[in-house]
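For reference, the chain that follows is the form predicted on its own, supplied as structure tokens.
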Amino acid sequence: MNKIRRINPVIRQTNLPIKSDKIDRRVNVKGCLICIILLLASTVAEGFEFSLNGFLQGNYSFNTASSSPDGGDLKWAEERIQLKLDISNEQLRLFSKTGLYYDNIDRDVGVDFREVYFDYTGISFDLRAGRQIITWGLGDLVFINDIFPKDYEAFFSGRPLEYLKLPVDALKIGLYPALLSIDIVILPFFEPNNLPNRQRFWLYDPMEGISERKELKPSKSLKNTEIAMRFYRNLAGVDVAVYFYRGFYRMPSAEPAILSGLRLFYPSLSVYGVSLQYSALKGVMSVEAGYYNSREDREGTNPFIPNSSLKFLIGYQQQLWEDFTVTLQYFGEYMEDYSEYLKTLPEGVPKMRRFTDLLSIRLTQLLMHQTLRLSYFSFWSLSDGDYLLNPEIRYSFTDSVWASFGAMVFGGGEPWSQFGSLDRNDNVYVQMRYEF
């Protein structure tokens, strides 16, 4: 029986696409609505402040290189209304972002509870419980110690950048003793990355001939509860953070099923990391590293599970002149037990490199009293030779109305490299939003 090894690109875009047609947005709708109603009622209590705002948005992405696999010309076409509710006093807070959307491609109407959480603030601690967005680390679209789930379909199809982060149902505890600050995040329900839809995206698949695939997520049990911790403080002008995570890879691995097809699963993972940020050379320098301990394959002898690896990032940001900012990043990843990996690599499966590296650049210019923003972001893989280009123009007509026009361009490298595999998915996108 042939062995299959998961190809693990830098930006976490899989080469074994298995996602269904759209993100699983199912949450406990009834419970969320009850919580919102109860806390709306609580605003009658003395001392609570109440605010309600939101936006109307249209978001459309058009193929430029070729039609989608389903024959369509659109990567994304959606209208959305989002309401943001904030109820708070000195110690308690309810915050929610609730969206109602219409997907023109799938002709689907749905509700998206993007954030619904409670905050409690004490003297030297705070608590946040519920559905929330958590962002750690220093990378610009490069994630080392930010081990929380991402939505790569949203990013590659030109949705607003805020949708790259997926929400998680979690308990977040902040502790603030004298020496340092501590964040503890407890995640009882595993959430994988969301991958591009195979009906809308052309993707490289080394096992394309195997159509029967079964995805197995970690069971909802106490032993599978994910835990993430961050310890941070400023030392002599340097922002220092230390990270720890115990959970699972958020990209699937694949192995032959006992009877037929593929079994897709999420191996156990621990991450130990550190980050530093400080002023240097008239700008801001960032350094971040993380050791990925593949707990189910510490020796690198299992061909179906990623080897342990070391990842690092060096970044620099500076404002060169008024309203013009440049950000540079260099990212590298080193695979452990590479000789064991080569021994188990099945014939015909593309070989990963022991060391991969990546450059990124972001240029941002504000004009016309900062109402016009010109931006350019790109990834360039030094090891694989592929690239991603993302130019964008955004104009604010008023304080409440803005629109942007941009493009996602992929290419270079081999058909199985992380951006080369997306070569046929070039698209231009339009975003329009009215905020109220």
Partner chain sequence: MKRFLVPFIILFILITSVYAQDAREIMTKSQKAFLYAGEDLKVRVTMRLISSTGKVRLRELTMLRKNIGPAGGKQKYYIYFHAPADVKGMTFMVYKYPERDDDRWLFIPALNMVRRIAARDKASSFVGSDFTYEDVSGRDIDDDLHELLKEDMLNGEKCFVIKSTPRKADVDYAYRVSWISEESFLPLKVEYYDLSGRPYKLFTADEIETVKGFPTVVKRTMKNLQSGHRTEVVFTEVDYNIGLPEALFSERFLRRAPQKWIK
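Residue numbers count along the first chain shown, from 1. These numbers come from a predicted model, not from an experiment.
There is another form of this protein, the form predicted in complex with its partner chain, and it is not shown here; the text below is about that form.
None of Ser221, Ser211, Ser339, Thr135 but one reaches within 4.5 angstroms of its partner chain in the model of the complex through a heavy atom, and that residue is Thr135.
In terms of contact with its partner chain in the model of the complex, the residue from Leu345, Val274, Ile361, Leu161 that brings a heavy atom within 4.5 Å is Leu161. Partner contacts here mean any heavy atom within 4.5 Å of its partner chain in the model of the complex, and among 296 to 304, 188 to 196, 83 to 91, 98 to 106 they occur only in 83 to 91. At the 4.5 Å threshold, heavy atoms of Lys311 stay clear of its partner chain in the model of the complex, well away from it. Not displayed here, its partner chain is kept clear of Lys351 by more than 4.5 Å at the level of heavy atoms in the model of the complex. At a distance threshold of 4.5 angstroms between non-hydrogen atoms, Val284 is in contact with its partner chain in the model of the complex. Its partner chain in the model of the complex is approached by Trp402, whose closest heavy atom lies within 4.5 angstroms of it. Contacts between 346 to 365 and its partner chain, taken as any heavy atom within 4.5 Å in the model of the complex, involve no residue at all.
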